[in-house]
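Here you'll find one protein chain in two forms, each presented separately as structure tokens under the names structure 1 and structure 2.
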Structure 1
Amino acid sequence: MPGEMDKPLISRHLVDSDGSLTEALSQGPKVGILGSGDFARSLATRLVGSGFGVVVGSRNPKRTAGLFPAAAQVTFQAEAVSSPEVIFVAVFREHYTSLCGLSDQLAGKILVDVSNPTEQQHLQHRQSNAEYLASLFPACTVVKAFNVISAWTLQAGPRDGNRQVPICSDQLEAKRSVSEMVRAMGFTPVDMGSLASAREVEAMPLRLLPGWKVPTLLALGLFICFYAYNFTRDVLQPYVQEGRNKFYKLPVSVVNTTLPCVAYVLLSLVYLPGVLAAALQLHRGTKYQRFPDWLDHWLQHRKQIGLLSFFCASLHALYSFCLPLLRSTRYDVVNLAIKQVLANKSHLWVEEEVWRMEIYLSLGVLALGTLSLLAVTSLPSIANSLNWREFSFFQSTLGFVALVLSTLHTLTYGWTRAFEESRYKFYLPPTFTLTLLVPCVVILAKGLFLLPCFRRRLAKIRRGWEKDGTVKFMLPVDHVLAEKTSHV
């Protein structure tokens, strides 16, 4: 649509000194909106605020006019669609057919489909809402846009909501015009290709934190298992075997021996797939073979698993700082002091215990500090400012350091407890011993891969070297060429 659409959609001149927007708007090309609901109102507000001329088409303009900004014109649908080239269809899919009476006036115009299907509709319809609209108005060009932006973000502006607006259409020109509008409204257009991808764009708002489901279920599962184990050892066993009531431990103490174990196991599960991947590449002698699906999926969920580990470790640190505040801790301290006095002992000081505590707490703090660096670098705005070597340094190298520090923290906390019979309750070993297996495998394997023979081979493989040397690619056999070159 040359001419009208060539002009920038938004007239760049500033509004008049008296701030009256209406004159400014009359010059810029008008934008039409069909529908007068929540989305239409927010869209009109944003468009007016971005300097566009807006005309709203409603079945009942009298009733709805008062809801729109003064600068927007609210009239009947037929009148609203006569002049604008771009018209937003802010009605639900089930009401598209009610617009068919406007087909003649709409012919040749750009219709922007902003609709979202419900989960159930999305599964029920094979055709996306946008493609359905295009089938009802074959003389129009349909562009899918703005469906992932809520009416609130549209109204408030992109500062506190999602800024990206996925756009798709079969007509490049139409996509360009709408992209310009998107930018003028302060959002960022993301080209999603042809209208065939409208279904994928309509699925976006239906997803809830993709990629977090499996890691969250894993963390929850680990928490339940470790909590049950600690409850059995720390509460049930004293109750059953010694008649001592330790149920008061449930809210804090048992949680603070469960959370660290979850954090620590999750952290090791972040680095285990990398080790398995490296072992596979060494074994196959190439990087040009896909990892098995389960490993691929695991590698793609490391960020979520890592952040959940950091979350649990942070809660564990907070709980640990609260331990001295517990009433039970105070009673224990006073009772211990009385016992000391009654036993006529003055000086309670176990050098080894003092050192043990000093060391494992300090290691815990260092481990958490290192993990927070990883958490910070996984924020998109920070990650985008790092090159892949810097990102890998933080995520891979520092991540491994955090794993080693957490292991030392756990070992020094455990100290010799794993070898003291009294620590076994119902014959169950101290909880920290269960957490050590996976991290130690990862640390040993990573240590192994640092040996020059493995490190050099891995580096070669990652630069494209292959074990059996020949890189298999076949040139088309050309007999004449073969003839000519055979006696070279």
Structure 2
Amino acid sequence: MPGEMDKPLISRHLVDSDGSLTEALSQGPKVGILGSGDFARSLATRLVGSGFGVVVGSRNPKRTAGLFPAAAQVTFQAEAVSSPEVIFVAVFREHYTSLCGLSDQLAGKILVDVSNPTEQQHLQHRQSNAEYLASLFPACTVVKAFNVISAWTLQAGPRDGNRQVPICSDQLEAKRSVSEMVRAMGFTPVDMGSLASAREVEAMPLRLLPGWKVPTLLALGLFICFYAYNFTRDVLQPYVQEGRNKFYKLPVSVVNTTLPCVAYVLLSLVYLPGVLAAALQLHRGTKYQRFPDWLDHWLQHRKQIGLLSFFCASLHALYSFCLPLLRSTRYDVVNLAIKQVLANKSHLWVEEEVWRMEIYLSLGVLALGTLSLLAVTSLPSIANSLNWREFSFFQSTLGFVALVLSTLHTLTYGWTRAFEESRYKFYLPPTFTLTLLVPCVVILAKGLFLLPCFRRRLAKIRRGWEKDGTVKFMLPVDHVLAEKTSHV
């Protein structure tokens, strides 16, 4: 968003270090910029580097000229808008009226509005910034663009940011001209329709991780539920029934018991919607019917749910490494040693417990390592370097392996504890028995779909076969839908 700063993000020497380059770029298609803030400087840098001649209009050109690349001409606003046909308006909404004196010079030109409102302004004004600009300059064609691109991305390049640039305008030719500029600058234009869509485009930068809201609330809800359950079993029960104070477990021990539960259930929730989608297709006998909205949204949030699962699992590993450092753990070791001496036992070794812990830790490390691969391949920079088969292998096959390893890790932790009466505190079952419910359903369902009778039928449905025996022509969007459900 355009802003007033005293210094540019990147030195002008990055652009004008070569004098011949400066001279050559100044002869390219001319583009005007109104404004001298941070975004205007970044925009000028990107335009110059993309082969455009840039004329910057400023109220004080002498003061701001040194902040722009040498290839950009910095002059007064009236002179800057005289020759270019495309003018970038890089000023805040409240300063639009200060440009009204340029109405005659701007008549017939394309004005590209790059501004963004604050959240309060967006709620206060029913009219978008671009529509307001169009009302002030009816003789101009206003195009909304570049408001979702940061000043840093403009200077560093599209590889370090989002490539897509939403564009909207009431005139098709103006959108085409701006789209060509967007491509020349290394970005990808996305046609959002008429200027009435500008309000929606301006709302995009105001959203704070919109795809993470539901998964985060889900993870937080699971954490609260499991934390309360573990608190009741491990802290409240000893205090009520035995009079022992174990509230010191709240900061670390109870948290560490809760985190793997959340990670494990979240991981199973990544693959459960795929199972439900496959079952629904088998029941319907076709893939040409839409999934229910709740299932479709669930499928779209699987990446975020998986990354949150990895986050919780990583925290669990870190907390576990810290357990030997706890003062309470040291006291427990000393007390155990004293009891061993008083009982006159020179050697305390339980073979079964040793093997259980060795297997338990090994499976946990393998599960976390596999989850790490899933998290890394979810990153756009890594995912874009993989073909579809490779991506499917990592996200589907290895993901299911991670779920199986996590299940074995949980079962090894529980061992025979689920059958011990002393483990049912307040008549509540051990926590790990609750976490096994959803993952076991997913694993059993996935195993069921591997049976030839179900696997072949599901494969035929995803290739266009229907119950009545006909095969429909598969459009690209249908192919994407089939792949979308086949790898989960």
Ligand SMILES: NC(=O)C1=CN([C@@H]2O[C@H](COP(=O)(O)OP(=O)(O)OC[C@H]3O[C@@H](n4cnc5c(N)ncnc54)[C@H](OP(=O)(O)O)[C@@H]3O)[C@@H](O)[C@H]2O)C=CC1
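Note that the coordinates shown come from a computational prediction; the quantities given were computed from them, not determined experimentally. When a residue number appears, read it as a position in the sequence of structure 1, where counting begins at 1. In this text, the rigid core denotes the largest set of C-alpha atoms whose superposition between the two forms falls within 1.5 Å.
K.L.:
The form predicted together with the named molecule: 1 or 2?
P.N.:
The form predicted together with the named molecule is the one given as structure 1; the other form is structure 2.
K.L.:
After superposing the rigid core, is the C-alpha displacement of residue 170 2 Å or more between structure 1 and structure 2?
P.N.:
True for residue 170: a C-alpha shift of 2 Å or more.
K.L.:
Align on the rigid core first; then say whether the Cα of residue 378 has moved by at least 2 Å between structure 1 and structure 2.
P.N.:
No, its C-alpha moves less than 2 Å.
K.L.:
Angle of the smaller rigid part's turn relative to the larger between structure 1 and structure 2, in °?
P.N.:
20 degrees is the angle the smaller part turns through.
K.L.:
Core-aligned, what's the Cα displacement of residue 134 between structure 1 and structure 2 in Å?
P.N.:
The alpha-carbon displacement, core-superposed, is 2.8 Å.
K.L.:
Residue 51: how big is its Cα shift between structure 1 and structure 2, in Å, with the core superposed?
P.N.:
Superposing on the rigid core gives a C-alpha shift of 8.0 Å for residue 51.
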